[in-house]
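There is one chain below, alone, in structure tokens, taken in the form predicted alone.
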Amino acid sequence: MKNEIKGAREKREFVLSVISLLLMAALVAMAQFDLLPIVGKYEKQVLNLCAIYTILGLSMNLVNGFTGLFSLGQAGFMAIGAYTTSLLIMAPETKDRVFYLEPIHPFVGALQAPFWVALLLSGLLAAVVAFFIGFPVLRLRGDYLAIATLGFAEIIRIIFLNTQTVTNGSMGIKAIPPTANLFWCFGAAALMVLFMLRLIHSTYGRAFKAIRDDEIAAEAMGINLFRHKMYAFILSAFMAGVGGGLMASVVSAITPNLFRFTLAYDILLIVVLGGMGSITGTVVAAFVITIAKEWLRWLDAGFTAGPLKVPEIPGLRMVVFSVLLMCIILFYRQGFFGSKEFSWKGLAALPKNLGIKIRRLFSRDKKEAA
């Protein structure tokens, strides 16, 4: 009897999941073809960024959340992917116009490839760089690893800043073809989510989580710590390189300053808010944070609320955004999902669980006051 009930529940959840995915795919197609009145050019740009930050969040969660390594080098790998994709999809005559201070290197100027090839090569090049960086830095742990990866990311940025004939230096690269649309961005994000699901439930994924939970016990069970850390680091860099390539095509102009170390903090915020070790949490947090930052821009321009008139205050939206984050953390101290994944049963129980959290919070405050 129990097996029949469980089988019926799993079948029902599978049907709901398939219907939801088909509905999401239909909405993306309608938005791309301008069939949704509420989705214009600006909204498409925001949705593209949501999908890109989903990829970047998953890349960092693989290392930080599932493997337990504190890495902050995503900005450097993004820069590699962004510049590689840009230089490969631009026409030679466009490169000549962009590189007007110093002529572009002849070999780089002649390179050209289709967009999907450029994305793959961007990810592969970022993975190769991660392979060489991983040998010295993956011997470190904790804060030392974070500082080392952050330092290498800055080294990559400074190299791009000073290689004038290859990256155009501080002038950056402009007129990048806007090939990446909703299909490209959401398609790549969907593939990365499927890849992560397969990886985490494989033997390698279980090894990653064993290393995260207890390195000594994992090594005692025969897991090669350095090798599996290197696998996670390389795969994370590949995903970040692809995300950087998509971002370059979406924004159409990049400079080395776009990949400063603060970008790694934005991605880390997505991972922490969604839940360390949760794929679903990363996806939800990427959309929530990206949309919230854009939606709150009206605060910077000043506004009127009844008799209250607030003048233009640059940066006010980030103050309000930070307050909202603090409120969320009060109720979800381990992020939206913690280390769990989405389930229809959990969605149905969400209102009840939220009510319990609110009651516990206020009851604790009353006890502390007493």
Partner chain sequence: MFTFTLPELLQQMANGLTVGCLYALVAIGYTMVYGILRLINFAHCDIFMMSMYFCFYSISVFSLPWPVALLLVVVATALLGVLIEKAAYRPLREAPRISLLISAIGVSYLLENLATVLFTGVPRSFPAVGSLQKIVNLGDVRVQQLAIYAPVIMLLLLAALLYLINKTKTGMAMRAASKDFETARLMGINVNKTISVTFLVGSALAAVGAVIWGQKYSQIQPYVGVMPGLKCFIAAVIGGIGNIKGAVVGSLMLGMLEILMVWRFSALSGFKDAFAFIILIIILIFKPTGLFGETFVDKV
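Numbering follows the first chain given and starts at 1. Computed from a predicted model, the values in this text were never measured in an experiment.
There is also a form predicted in complex with the partner chain; it is not shown, and the following applies to it.
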item	value
Heavy atom within 4.5 Å of the partner chain in the model of the complex - the one residue of Ala301, Leu35, Val319, Ala26 that qualifies	Val319
Of Ala110, Ile216, Val117, Ala253, the one that lies within 4.5 Å of the partner chain in the model of the complex (heavy atoms)	Ile216
Contact stretch among 243 to 251, 88 to 96, 165 to 173, 267 to 275 - heavy atom within 4.5 Å of the partner chain in the model of the complex	267 to 275
Exercise: Gly40 in contact with the partner chain in the model of the complex, heavy atom 4.5 Å	no
Any non-hydrogen atom of Leu72 within 4.5 angstroms of the partner chain in the model of the complex	yes
Contact test in the model of the complex: Lys309 vs the partner chain, heavy atoms, 4.5 Å	no
Partner contact for Ala31 in the model of the complex: the partner chain, 4.5 angstroms, heavy atom	no
Non-hydrogen atom within 4.5 Å of the partner chain in the model of the complex for each of Phe152, Leu325 and Leu330	yes
Residues of 130 to 147 having any heavy atom within 4.5 Å of the partner chain in the model of the complex, listed in sequence order	Pro136, Leu140, Arg141, Asp143, Tyr144, Ile147
